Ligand SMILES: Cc1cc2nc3c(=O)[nH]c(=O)nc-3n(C[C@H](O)[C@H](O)[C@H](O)COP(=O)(O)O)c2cc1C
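Quick setup: one chain, the form predicted on its own, written in structure tokens, and binding and motion questions come after.
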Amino acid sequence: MTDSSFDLIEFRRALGAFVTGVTVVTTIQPDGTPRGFTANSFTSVSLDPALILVCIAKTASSHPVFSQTQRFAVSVLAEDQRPVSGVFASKSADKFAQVAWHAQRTGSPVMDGAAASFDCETHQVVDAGDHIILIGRVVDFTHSSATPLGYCRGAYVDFSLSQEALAATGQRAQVGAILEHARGLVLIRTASGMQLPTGMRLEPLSDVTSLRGVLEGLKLNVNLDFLFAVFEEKGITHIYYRGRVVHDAPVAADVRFVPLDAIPWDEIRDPAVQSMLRRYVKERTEDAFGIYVGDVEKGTVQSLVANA
């Protein structure tokens, strides 16, 4: 029992500082109909055996079904699936009629277009205060290059930066990308040294001065996954994404793939870019990325949160 002096509302707010993904947890009920709800209490448990868990409140209407189910699935929602999150967080009687889904190996539904999905057989149900912990043994899974939907402090987390938001600042911009390939980081050889691919804006592909247009000219097919840095320098807003080359096709002659431990630092002439890349290498090694916001001298690493 929680101490009477313990402020449960503040406790929930404190827990809300932890950035999570957004998932839809589903199963097939004994009568053959699908059942599901939105949850952000999802995490991995073990790699061998492959186990994941979700937490379900005992007061939830889905608790009786999921506490007894022998199989369930978890769909990790993509950034464009906020409406799906809303449907399964509602009390709508026809949730599955409002979304696109398909059955996985166990028969449990998964959401079309999800960033990832995990099809599970129930491994264990653990009583935990006012919740149960539903642990699943993963029997099948999928994943895609879609940017996942995040959630923090009662709001969805937006890992990207729209061009509309940038245009609203009325400032000049340079938009670049830190891209990884199986053979290393993408650098472009120029007359003034090695550089990252950059443009004057993100879109459109038809504009050769945009980042998308520059990447097209370099014959690089990429996914831009997350925002990595935003900083000001001499009146210009610099925006850098991190991403991946998704096809191993021939590229332009000036493109170089450089291992992270072999970056030619003396050939990267821009001190701000060099500093940013050093942070990238450090965070890649630690597998713990943030978003730098500030100027070339001082800033913070933080999340960008959009209103729900």
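The first residue of the sequence shown is number 1, and the count goes up from there. Please read all numbers here as calculations on a predicted model, not as lab measurements.
The protein also exists as the form predicted together with this ligand; that form is not presented, and the subsequent description refers to it.
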**Message:** Since only the chain is shown here, I'm wondering whether Lys234 would be in contact with this ligand in the model of the complex (any heavy atom pair within 4.5 Å).
**Reply:** no
**Message:** Quick check on Arg242: any heavy atom within 4.5 Å of this ligand in the model of the complex?
**Reply:** no
**Message:** Although the partner isn't part of this model, could you tell me whether Ala57 comes within 4.5 Å of this ligand in the model of the complex, counting any heavy atom of the residue?
**Reply:** yes
**Request:** Flag Ser275 as yes or no: does it have a non-hydrogen atom within 4.5 angstroms of any non-hydrogen atom of this ligand in the model of the complex?
**Result:** no
**Message:** Among the candidate stretches 60-68, 44-52, 26-34, 258-266, which one is within 4.5 Å of this ligand in the model of the complex when only heavy atoms are counted?
**Reply:** 60-68
**Complete:** Of Arg201, His238, His123, Lys95, the only residue with a heavy atom within 4.5 Å of this ligand in the model of the complex is Lys95
**Fill in**
in the model of the complex, the residue from Ala89, Ala103, Val208, Ile133 with a non-hydrogen atom within 4.5 Å of this ligand is Ala89
